[in-house]
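We give structure tokens for two forms of one protein chain below, kept apart as structure 1 and structure 2.
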Structure 1
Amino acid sequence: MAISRYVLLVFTIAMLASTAISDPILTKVNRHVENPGPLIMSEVLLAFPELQSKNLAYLTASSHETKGKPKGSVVSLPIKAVNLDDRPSAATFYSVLLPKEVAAGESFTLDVLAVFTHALRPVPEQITQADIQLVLYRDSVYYLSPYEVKVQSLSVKLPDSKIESYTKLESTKVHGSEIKYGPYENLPPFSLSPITFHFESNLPFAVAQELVREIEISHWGNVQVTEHYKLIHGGAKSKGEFSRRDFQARPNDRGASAFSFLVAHLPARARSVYYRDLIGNISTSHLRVDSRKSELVIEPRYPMLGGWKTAFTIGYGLPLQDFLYESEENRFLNMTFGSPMIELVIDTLIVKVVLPEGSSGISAAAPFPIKQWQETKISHLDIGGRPVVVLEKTNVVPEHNQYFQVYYKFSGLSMLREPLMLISGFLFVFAACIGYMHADTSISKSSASYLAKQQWEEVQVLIQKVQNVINRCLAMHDNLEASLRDLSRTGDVQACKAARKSADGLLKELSKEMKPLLTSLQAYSSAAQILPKVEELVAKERELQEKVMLKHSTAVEGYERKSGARDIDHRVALLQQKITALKQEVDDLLQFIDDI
């Protein structure tokens, strides 16, 4: 599938072959270099005509030994662009540094892979939904070379055998979708002879006009990748009606050049994958996960016809330990550069690596030339912002999916900064609350209302104490009652008496406690309202206390005299009534005071 998309143009120049592909296009050149001259040669010049050079996205050269294993030792060679003054300016030159110098008479085989984008031009430029997309490719039948060429042949591989037209030369052979030219012998330097191919191609021309990949590193264990795509169908523009009915009923010949899904190969263990755009989640996606890779199939909201655009965002989290490595005190992130979407040509790719706040000594390394600079981004709870390494590259093809590295220094303690900040923030809020509750915020400390309020607070404290004492008294009463109940069950008079004794002692203490409280209450003028109630309460309580004592002693006496239970009950009954009534009154008073 992937291969059939590409137009393969294979050049062979006297055992030197070349290939090309594209959006667009891929070229592969296989050259056999022989040094005829007296000089020792250490580099080879590659030339591309202007037509191609502006579309050139990717170029590698590799060598294998002429003798020996052809596949075993493939070494990619350093390439650099050169400007040569004495050469035609219509061509761009790249020089390949050979691994070893080639002496006169020796030979050397070089594989050159060049990828071009936007080299296929749709002709006609606008088609209706029913039409078939035709594209035009132009090249030279002779491989442009600054050297003399002994032998050259060219083979062009098209995606389909439906070829509208192609340049016919004397030595042209067509095998299905492959067209072969040559071999040609003894060509002078810079020989050119244009050829064109006009052929059917219903392959999706998915082009990302802009892709922003944001890779955010969190040392808490996550690498968050967010990719913003701006996608266009780069093929022939659709014109006229778009009929959904036709598209649904006959998708193969109505809108055949449209593509309705894309496949992204996410790294294994990608998690929380999402796919959305500006107006919300896009529900048409499928994620297939197995142990080696995650495959995300996404459908844009609508089928992409020629010239239609869309924009969306995909995002996923990755486990940190798979991508972040430590070397000495340096840490480095090792990730692929390009988009996980296969078969996507990217016009402008911006990769932003957001490092954790507090990182230093930042540098980035990529296997191909790249524009880079640094920014800061302020994210969750940052103070100074996080350093961002921005890498920009135009004309990116899947061949660029190589690993790049971002090196930085980061101390593990900085991780704790944000949690600590939160903790201290909350601490501060609570402390401020406590402080506010305890602080006196009134402006005038001598105003009457303020003093009255303060006094009232003191009175309340006192009343609280009074209530406390009363409650303890009531508790004592309950104790006595309980002891009486025990008595009626067990008949243990001694225990009952002991309880009485302790109760007596405690009650006395309590009444002692009560006295200073009452006197100090009297001192307050603002307590005047409540004082009678409190006094009444104390009086009632005392009465109740007496009655309880009386009841207790009567009951105990009764037991000592061994009188019948009925007799005791009879005697106590009257007291009990009074006690209940008093208790009720005390309760009511307590309630009342409480309400104030």
Structure 2
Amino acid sequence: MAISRYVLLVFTIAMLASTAISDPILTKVNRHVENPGPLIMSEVLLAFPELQSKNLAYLTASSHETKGKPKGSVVSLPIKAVNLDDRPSAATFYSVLLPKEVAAGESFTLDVLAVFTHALRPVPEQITQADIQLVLYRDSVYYLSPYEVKVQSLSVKLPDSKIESYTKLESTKVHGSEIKYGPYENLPPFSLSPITFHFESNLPFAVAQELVREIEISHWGNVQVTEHYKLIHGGAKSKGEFSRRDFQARPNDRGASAFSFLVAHLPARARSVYYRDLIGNISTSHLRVDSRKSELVIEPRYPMLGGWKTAFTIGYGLPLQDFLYESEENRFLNMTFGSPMIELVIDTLIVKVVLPEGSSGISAAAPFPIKQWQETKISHLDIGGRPVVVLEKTNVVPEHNQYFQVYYKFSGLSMLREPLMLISGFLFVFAACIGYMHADTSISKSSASYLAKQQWEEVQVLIQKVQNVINRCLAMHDNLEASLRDLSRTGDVQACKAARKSADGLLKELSKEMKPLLTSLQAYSSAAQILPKVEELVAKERELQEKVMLKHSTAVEGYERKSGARDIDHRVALLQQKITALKQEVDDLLQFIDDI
């Protein structure tokens, strides 16, 4: 593409800050364009130097037809990026298509609005809580134009009249926070003259590094919006200690560039509004509602100083009829694209529109270039998943908060899918319960499982009787031990012999009771696993019984011979060690059988 020769009369206004945000730079250009001929003009080229083009977030142009009138009808014009074969320097060019061709000698007025982000650089880059925030801005006093410029002037509006320094040229005037340059006449194409401004700006640099908006459509009457924010203060980084007491006492002096709240401008009929982060619900929020709008004022858990980050989520529901339009099976969603917080500059914005399962013929349209693709989300009561339209754009500013559309087809019969699934599920559960209640789940007395269970219960009864006999034998052993203690205290040998005689009789009776029990256990096949342990228990008890009787006889014999107590204890010491070991083994076997 070659550059045609036109003459422009240009008046430029550059605003370095609005009343709400500090990071974007708004540049407004008013051009009075004349076509000296002889060619017919159908487009106008806009040029931006490399310093600005990489930060260009939004660009729009509109025209005012003159024809002797100061202003005519306003028309928004299509813009597209172009590559020039003979461009003289590193610059980015855009072509503005005019509503109609301009013949030689005719003129028109062209209004251009450009928004740049991250164009202000904090200088110094780090400040303490008590310092003010100073920023540096670089530009050119001449508007970069591929055409000859007949007349041009520049007005720079700063957010504050406290200016550290600025480039002083001829025809420079300062009025408070506004600096004017020019007018300059008869400038050749691609004229540049660098200028810088170093000024105070304590307006917060609220930047969303990433914002994910999920818009879920339910044809049962609701549009659920969930927004996940990753926020950073993009201004001068805070250094040193932070005092919350000083900040609350003197916020204008101790943390003037910090921000402690944001305002989300929600639709008037927003409902079920919430605000939370990873910890949980954040109670420092206020919702103001009237007939025209809803405002959600949110406060992070801590004031946001330069370089500090936070992450949170807000969500709300909207009436479906306010945003979804339909004609037969064709439907489209019409919602705003950007964040409801106009204070934010968004590095990456991802909008996910979750459509009902069964939607088809899906497409999306936006008034500016975006990346888009589709994915699938699995949710409750879904079979194949819900189609999701994903729209992504970088470098988003409040001017992008325009309406976009998502078109799709959806049959009303598909709405019955989930209710039918629920009804079918409940019917299946009820049918299963009815079948279970009428089914005979009892076990037949002739079945193998019933017989095995009955046999095991009989085995358990026999084992309990064996344990009872063993415990009675152990009780007799304890009685014999008690008689020996009485003998050592009183010396009454006859009483000790009587206790021995009584114990012998009882132990013989218990031995008779044990024999049929062991015989019965051997007859049961289900007792094969536990029978060896029972037999081992009986054998250990008999061995213990023998040792106890031997100890008793030895002690009584010693007292009859008038032996000393030390001599008697020495004679029974070895037997006592064996008795103690055998008692422990018997207790372990009883515990093992109980566990089984």
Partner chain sequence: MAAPETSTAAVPTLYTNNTLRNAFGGVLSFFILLLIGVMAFSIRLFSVIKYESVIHEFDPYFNYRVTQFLAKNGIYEFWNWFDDRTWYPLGRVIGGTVYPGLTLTAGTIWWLLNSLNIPLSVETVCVFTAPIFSAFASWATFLLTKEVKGTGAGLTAAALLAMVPSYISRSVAGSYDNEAVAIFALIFTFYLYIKTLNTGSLFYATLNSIAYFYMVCSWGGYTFIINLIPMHVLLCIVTGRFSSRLYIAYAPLVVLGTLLAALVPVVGFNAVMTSEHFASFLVFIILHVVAFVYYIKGILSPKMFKVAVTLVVSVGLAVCCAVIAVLIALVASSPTKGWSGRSLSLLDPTYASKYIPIIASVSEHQPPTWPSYFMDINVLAFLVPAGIIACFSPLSDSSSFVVLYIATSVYFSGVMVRLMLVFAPAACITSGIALSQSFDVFTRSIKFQLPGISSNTEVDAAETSSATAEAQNDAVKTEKSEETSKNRPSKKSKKKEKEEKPSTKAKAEKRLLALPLDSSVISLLLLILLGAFYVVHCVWAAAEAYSAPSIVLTSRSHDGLHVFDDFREAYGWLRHNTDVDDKVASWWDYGYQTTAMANRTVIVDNNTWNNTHIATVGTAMSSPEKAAWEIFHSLDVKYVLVVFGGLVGYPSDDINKFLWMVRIGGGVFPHIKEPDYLRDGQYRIDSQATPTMLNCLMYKLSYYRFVETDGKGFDRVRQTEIGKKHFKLTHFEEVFTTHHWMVRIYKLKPPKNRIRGKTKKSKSKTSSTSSRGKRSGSGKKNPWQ
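Numbers given to residues start at 1 and step along the sequence of structure 1. Note that the rigid core is defined as the largest set of C-alphas that superpose within 1.5 Å between two forms. What you are looking at is a predicted structure, and each value in this text was computed from that prediction instead of being measured.
> Of these two copies of the chain, point out the form predicted in complex with its partner chain.
Only structure 1 matches the form predicted in complex with its partner chain.
> So, superposing on the core, is the move of K352 at the CA at least 2 angstroms between the two structures?
Stays below the 2 Å threshold, so no.
> Compare the position of the CA of W456 between the two structures after a rigid core fit and state whether the shift reaches 2 Å.
W456 C-alpha, core-superposed: shift of 2 Å or more.
> Once the core is aligned, does A47 move its Cα by at least 2 Å between the two structures?
No, shifts by less than 2 Å.
> Core overlaid, S327 C-alpha shift between the two structures, how many Å?
Its alpha carbon moves by 3.1 Å.
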